[in-house]
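The data below hold one chain only, encoded as structure tokens and taken in the form predicted on its own.
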Amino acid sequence: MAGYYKLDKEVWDGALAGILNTYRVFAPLKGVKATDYECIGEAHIPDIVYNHPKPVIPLKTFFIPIKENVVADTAGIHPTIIMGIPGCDLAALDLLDKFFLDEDYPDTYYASRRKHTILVGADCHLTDTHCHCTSYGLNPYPEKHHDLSVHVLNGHVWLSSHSEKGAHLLSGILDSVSFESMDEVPLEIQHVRQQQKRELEKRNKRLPNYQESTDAVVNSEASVWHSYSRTCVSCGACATICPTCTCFLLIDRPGFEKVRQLDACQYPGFERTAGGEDPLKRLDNRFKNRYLCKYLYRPEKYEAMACTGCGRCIDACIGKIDKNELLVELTK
């Protein structure tokens, strides 16, 4: 079901209420300090935040929870719709899918959640302070991995499908409502996209691109890492909030319980071996290793970017470390 379909906002709200009877739906809602995903009911529909930059938590949290028992029965996974996903989080699935859906060692938990989830992408009609997707060749709108896209403009909702799952859901919505359709991207959507892209490019004009960042990290002096890591408290927030970080621990517990728990390369002891050796014992070495992973190790192994420019790591850093400032300094 290719093309774009225009509905009145009130009509869309009614259709969404009907969807709640079949799917568990997560959508961005405005909190006291930030916008984040919530499992919604019909009463929440008028409060959904559309086309806003990244929710607080990344998309990966729906597929790889912070902690779970990986020998538990997965039969309880429900059909789920996640709405309002920005392009930076969808682009991160390039790496996550290659990591967890490896042909030889697929992760059945991840695969099951992906299979039973419909991803609804959303353009960013605004930009947050640390957004920099365009610096890495991405755009502030979904381009891959989404099943459906939603645009809310001037009291109307534009819908378009991008997969069989999305087409099936969209067909069910359009069967019972009145709508307009067109084959090309509507001009008003094109205008907003161009405007946001120009804004991001202007704001981040000093920031190096992905390859330039890689070269700068590889060829950097130790003094830079020592300087920037001084305020790091090894909390791991940067890794936990990152849409592409995948490191985890497996912990055996009594009762045949095996717990998978997200790990972070900034934690002391992250690479400590049973013999006591620890290549990343020094904080500045751990700090640099994260950048090597993002810009060198992961892209080489998986042929996918390990940073999609969301800027969450800057937002979450207790030590007020700005990744972008570091990269600008390295490329002076």
Partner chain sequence: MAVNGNIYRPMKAVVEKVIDESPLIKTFVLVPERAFSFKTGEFIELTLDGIGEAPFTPSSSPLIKERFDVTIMKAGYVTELMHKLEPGAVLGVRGPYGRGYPLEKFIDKEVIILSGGCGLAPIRSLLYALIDIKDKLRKVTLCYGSKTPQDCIYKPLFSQLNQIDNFSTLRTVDFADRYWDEHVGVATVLLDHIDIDLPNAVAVVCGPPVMMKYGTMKLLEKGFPDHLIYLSMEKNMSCGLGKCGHCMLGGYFVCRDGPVFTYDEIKDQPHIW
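This is a predicted model, so every value here is computed, not measured. Positions refer to the first chain, counted from 1.
Below, we refer to the form predicted together with the partner chain, which is not included among the displayed structures.
A.B. asks: Which one of 212, 180, 102, 143 is close to the partner chain in the predicted bound form, taking close to mean a heavy atom within 4.5 Å?
C.D. replies: Selected option: 102.
A.B. asks: Pick from 175, 221, 184, 252: which residue has any heavy atom within 4.5 angstroms of the partner chain in the predicted bound form?
C.D. replies: None of the others qualify; the residue that does is 252.
A.B. asks: Test of understanding: in the predicted bound form, would residue 47 fall inside 4.5 Å of the partner chain by heavy atoms?
C.D. replies: Residue 47 lies outside the contact set for the partner chain.
A.B. asks: Residue 65: heavy atom within 4.5 Å of the partner chain in the predicted bound form?
C.D. replies: Flag for residue 65 set to no.
A.B. asks: Do residue 42 and the partner chain come within 4.5 Å of each other in the predicted bound form, heavy atoms counted?
C.D. replies: It does not: once the partner chain is placed as it appears in the predicted bound form, residue 42 has no heavy atom within 4.5 Å of it.
A.B. asks: Does any heavy atom of residue 31 come within 4.5 Å of a heavy atom of the partner chain in the predicted bound form?
C.D. replies: Outside the cut-off, so no.
A.B. asks: Choose one stretch from 271 to 279, 34 to 42, 303 to 311, 49 to 57: the one whose residues place a heavy atom within 4.5 angstroms of the partner chain in the predicted bound form.
C.D. replies: Selected stretch: 271 to 279.
A.B. asks: Is every one of 2, 151 and 161 within 4.5 Å of the partner chain in the predicted bound form, counting heavy atoms?
C.D. replies: No: no residue has a heavy atom within 4.5 Å of the partner.
A.B. asks: Residue by residue through 281 to 303, which ones have a non-hydrogen atom no more than 4.5 angstroms from the partner chain in the predicted bound form?
C.D. replies: Residues within 4.5 Å: 285, 293, 297, 298, 301, 302.
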